[in-house]
Each structure stands twice: as C-alpha cells, then as structure tokens.
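For reference, the chain that follows is the form predicted alone, supplied as structure tokens.
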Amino acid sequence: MTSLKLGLRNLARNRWRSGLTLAAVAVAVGLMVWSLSLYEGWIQAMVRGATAVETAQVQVHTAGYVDQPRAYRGFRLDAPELASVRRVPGVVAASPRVELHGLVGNEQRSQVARILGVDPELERRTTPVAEAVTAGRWLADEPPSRAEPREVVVGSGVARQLQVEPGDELVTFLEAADGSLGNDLLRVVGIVRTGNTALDQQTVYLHLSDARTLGALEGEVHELAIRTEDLTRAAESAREVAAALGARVGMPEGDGASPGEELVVRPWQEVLPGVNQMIVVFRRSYWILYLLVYLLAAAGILNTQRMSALERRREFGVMMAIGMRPRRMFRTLVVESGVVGVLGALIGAAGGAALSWYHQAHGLDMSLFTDQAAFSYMGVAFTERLYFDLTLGNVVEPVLVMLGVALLSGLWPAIRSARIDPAPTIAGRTE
C-alpha cells in the first residue's frame, strides 16, 4: 500500500507528462478493442456469407460422396430421420438436396451447370436463396404436372450466359445415377443473385422430386444442409446431429481405402477448410497488430519512467541513504508503471467498448472505404454496413496485454534506480 501511495504521488508531480502517457495507453487499448471487434465482425460476416446461401453450417453426406462426388453415391433420408435432425437443439432448419451436373441450354447457347434439386419450402427456411430472386419468382411449393416443363430458377450468371428470362425454355442433358442419359424440358420461372459468385454463375435450382427423376435416384438425396442458430457451435451441433442419425463426425481417417456408404456429418469448418484456415491465420495475426500498436505505448511508458527516474536520482539517493531498501525502491517504480498501464487501459477499454458497441448496433458504413454500395470478397457478398462483434474477450485481452507491457516497460528504469550508489548520487556525480 505504501508503494502505491508513493507511486501515485510521484505520477502527480508532472501531470502533463503522466497525462500524455495515460492518453497514449488509452488510445492504444481503445484502438485494439475497436480493431478486434471490427475483425471479429468481419469474420462472422464472412462465415455467414460463405455458409448461408450454399453450404449452411452443417452438412451430411456419404463418405464416398465427400471423397468423390458421383450421382450414384446418395443415401435415403426418410421423414422420421429428417424430423430427428430438426429436433436437435440449435438446429433451425434442414434441407435435403440432390446435386447433379449436366448441360443446360437452348438452340443458341449452352453451358455446364450445377443442377441442384431442393424442397422449395425447406430450402427457403435453410438458406436465403428464395429472398435473392431478382426476376420472376421462387419455385412453387408443388412441382407442375408432368405434362408441363419442369420449372427452374437459374443463377444470374447462368441467365446472362444463356440470355434467358422468366418464361423462357431450356433443355438439360446429364448422366443419371444408373448410367443412363437424363434429359428434359425446363421452364425458367425466376433468376436469383445471391452474391456468391460460384453459385450465381453455375447453379440451376429445380424441385427435389424432379431432380430425383432426372438423376434416377429413386428417393435418395446427396446432401442434407443444416442451418444452426450459432455459427461458433457448428462443431457441437454436428456431433449432436451425428448422434441423432447414427452417423460419424468428420471423414474417417483410413489407410487409403475407398470410403464407403457410411454417413458423415461435417461442420462448416471441415466443409470449407480454406475459409477456416484463413480465419485461423487472421486471428493469429492479431499479435502483429498488438506489436505495432503497443510498441508506441511501451515507448511512451518507458520514456516517462526513465525521465522521471533521472529527475529524481538525488531523491532516490537520499531515500536509500536513510534506509530504503533497493527492493522497495524497485517495487515503487514498478507500481508507477503498473498504475499508468491499468488506468490508461481501463479508460481505453471503456472508450473502445463504447464505440464498438455503437458499431455493433448500427454497423460501420463501408462506403467510407469503397465506392460501391456492396462488394464481394473471396466470392462472399458484403453489404454496405459491417456489424461489429463485441465480446468480453475483445475487451479483457487488450487490457491484460497492456498491463504486461506497462510492467515490462518499467523494469529497466526501476532496476537502474534500485542499483544506484547513494553517496555519489547525492553529490551529483553520475555513474
């Protein structure tokens, strides 16, 4: 307690210098809190964008399909099994899908497309693709009668390549699961623009029952896409879904043997390893940001403590001559550094948290950094406002790191002051 009182008194001697150091520490900590909340918000927006319109947060396939996607590597998913998945805590919706690849076109143009068979209502609950329709409409709840062309919704890139609009007709040719050639007449009923580049340029949506007929799948599906409430708990949700289906979590680690028909449940981290690794690298790079920002704060604290120690050398000499031990002198100066670090960090954390909370509630206008209202990054669409993700860790970690930086910055002046020789110091002779 005595060391704390002495430390506070010494800091109050030169209020301008102490105030400037406190300000530097507060700005550094506030900037780190704001930056971490910004980056976490960016990461969450990227994960939502990467998973929302296509993969969802959890997926179910056969191990063989994950290893080599083929039309004949499907699995049966009955209504009771789908209901058991939807009862898993944290699961919002689940959509069975059939994925085929074939040629889609008309008399003038054609292109290879990804033909995705979905249940219109379940897909609407699982992904926002139905809300991304820019022309026409989404698939009807029930497919048209067999006498009419099968209705499809095409991505905006597909529509542009084939130069089609709602009402136009297309034909498709593809290899079915039994090796036969599937072909049929399609009618475009809508065009979607999701912002996911690969999806918009390659995907054609049609009814799940129609896709099964085209692919000769006889009630099977290739994929079950599952939407969860919490992105960060996707791995836990995958384990619970696997337990409900009697499946395994993740791909089996074999000795090179071909994967079989075993069902595997994978969270988005495994489905999108590139995105997950980028996030891991991004978060590990936070320490580079700490180094750059806190280096300036450390220089300010070190300068303050060094100048203060030089100005009070004779005072220290007198104090040690009348009985103050070097250990107590060292402790007093370290406490001064700690007080500067703690007070500055708390002020900065409060300011940074307040600003981050505002941007979490109202978003940051990204038009300040780009001339476009919306933009895409790595195929993921971002809107004009980015919402921060303020967490307790984003506030506590910068404070704790700054406390460590402050204590380390005060070690050298404290050690030098604790080792002075009282007699020559009082006489004004430097070592």
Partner chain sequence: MTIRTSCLLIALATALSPTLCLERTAAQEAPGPEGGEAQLPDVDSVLDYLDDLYRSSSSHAVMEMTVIRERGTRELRLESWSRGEEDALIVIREPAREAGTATLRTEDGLWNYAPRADRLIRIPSGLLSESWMGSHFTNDDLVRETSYDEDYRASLSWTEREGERYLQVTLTPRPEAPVVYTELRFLLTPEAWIPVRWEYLDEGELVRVMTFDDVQSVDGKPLPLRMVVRPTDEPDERTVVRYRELELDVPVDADLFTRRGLRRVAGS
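Positions refer to the first chain, counted from 1. Source: prediction; values computed, not measured.
Keep in mind that the form predicted in complex with its partner chain is not shown, yet the notes after this line are about it.
- Heavy atoms within 4.5 Å of its partner chain in the predicted bound form are found in exactly one of 233-241, 354-362, 341-349, 163-171, that being 163-171.
- Using a 4.5 angstroms limit between non-hydrogen atoms, Thr134 is distant from its partner chain in the predicted bound form.
- Although the partner is absent here, Leu100 sits far enough away that none of its heavy atoms falls within 4.5 Å of its partner chain in the predicted bound form.
- Taking non-hydrogen atoms only, Glu218 never approaches its partner chain to within 4.5 angstroms in the predicted bound form.
- Looking at Gln269, you'd find every heavy atom of it more than 4.5 angstroms from its partner chain in the predicted bound form.
- Checked against its partner chain in the predicted bound form, the candidates Gly90, Gly105, Gly157, Gly190 yield a single residue with a heavy atom inside 4.5 Å, and that residue is Gly105.
- Screening Glu261, Asp78, Asp178, Asp141 for any heavy atom within 4.5 Å of its partner chain in the predicted bound form leaves a single hit, Asp178.
- Residues are counted as partner-facing when one of their heavy atoms sits within 4.5 Å of its partner chain in the predicted bound form; in 68-86 these are Tyr72, Arg73, in sequence order.
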